[in-house]
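The form predicted on its own is given below as one chain in structure tokens.
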Amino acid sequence: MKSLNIGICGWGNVATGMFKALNDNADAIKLNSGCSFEVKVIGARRDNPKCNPGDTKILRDIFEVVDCDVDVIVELIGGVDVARELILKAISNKKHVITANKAVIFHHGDEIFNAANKNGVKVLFEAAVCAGTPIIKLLSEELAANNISKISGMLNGTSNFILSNMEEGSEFKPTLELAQKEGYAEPDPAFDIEGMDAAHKIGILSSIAFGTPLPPEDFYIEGITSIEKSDFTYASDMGYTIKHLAVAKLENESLELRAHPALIRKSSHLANLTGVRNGMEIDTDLIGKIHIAGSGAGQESTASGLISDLVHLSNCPDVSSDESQKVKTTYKLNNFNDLVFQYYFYLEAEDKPGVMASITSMLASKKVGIESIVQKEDHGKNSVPIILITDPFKEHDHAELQKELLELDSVKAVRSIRIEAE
């Protein structure tokens, strides 16, 4: 199958970006892959003034696209319920499916892949995780001979853009507004800044690397809204920066799955990835640690991921290596409260004798060791910042410790961030 007839469902920025790339880069695609593609029909409830589809057939009912003479449906409508219905209809009509929709894969992946397997078609989703950064095929094909023990990284470009700017001295709110102005963040940015986007992506990557189900069990998700600009200054003084990390880690037949802010060493590869860049580290047994980085959003990068799936489908139409063929495993998902971390604590305390002693005494009573504790310069109102790095202890005790520190008479405010082990 060296040529494909395509039906696109959805006509927003991602769909128009792919349409333009297929036309503008047709010669390069054919030269590099030997494949040719033709968009036969577009399902669009309304026109998009930013892109002229020319003579391509337009249908206002996206479900009618499935009934047309096409080889593959490219689902770009977003959302979950309608997308699931459309994908399952395409599969039942023996159409291959390509999607950039991480939410529908996260919530209904197993159902979709099983249906594709029964109907002898492929469902490909390279662009659903980190847009054009080639992580899906890397895990499922190029690293197929490896045992993977950990995947970690920044999987949301919006969060990385905000945190990178805060590291340079900006406040959270104006940086978020800038991200929205530049098109990196949605008008309602909650999905990105509360960690759900990264959580969906790490859930999908865990399914590929470890065979965990889609959807996975509930796991710990935390966003970036509680981080302050000053945290970057204090972290930097100790050789750290702050990133929003998504982690899937397999150890002793037990799986960690989590997405939250973390301090990481400034000397690490991930620490140096700024702006809207996505970056991942993959720990393997045969070739060691792999680093991969690239743009995680935008028309062009998403179009690149979608077209890579079209090329893959054109060259490898057989479903024998498809994700739906993989046997799902039943690794125990670790309780997040049982995990062990070091912690960074920021405490705002009254500038008076005995404060440090009361804090260290509190930690000693909880059997929490201290790696370092530093009192910074008075920042007014008779209060001083105290920066504390603990020895490793269980997450189970973290919230209680934070609560009891805040109950000390001399302490006015407390916040904390986990430290990711190297």
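Numbering starts at 1 and follows the sequence shown. Being a predicted model, the structure only gives us computed values, none of them experimental. Only the largest set of C-alpha atoms that superpose within 1.5 Å between the two forms is called the rigid core.
Unshown form predicted in complex with a small molecule; subsequent notes refer to it.
Tell me which stretch of 137-145, 179-187, 114-122, 253-261 has a heavy atom within 4.5 angstroms of the small molecule in the predicted complex. Only one stretch qualifies here: 179-187.
Looking in the predicted complex, is the small molecule within 4.5 angstroms of a heavy atom from every one of 155, 197 and 201? Checking in the predicted complex: 155, 197 and 201 are all within 4.5 Å of the small molecule.
Going by a heavy atom distance of 4.5 Å, is residue 192 a contact of the small molecule in the predicted complex?
The answer is yes: residue 192 has a heavy atom within 4.5 Å of the small molecule.
Should residue 297 be counted as a contact of the small molecule in the predicted complex, where contact means heavy atoms within 4.5 Å?
-> Residue 297: yes, in contact with the small molecule in the predicted complex.
Open item on the list: Whether residue 243 contacts the small molecule in the predicted complex should be assessed with a 4.5 Å heavy atom distance threshold; does it?
Closed with: Contact with the small molecule, no.
* residue 96, heavy atom within 4.5 angstroms of the small molecule in the predicted complex -> Residue 96 lies outside the contact set for the small molecule.
Answer yes if the Cα of residue 187 shifts by 2 angstroms or more between this form and the one not shown on a rigid-core superposition, and no otherwise.
Comparing forms between this form and the one not shown, the residue 187 CA shifts at least 2 Å.
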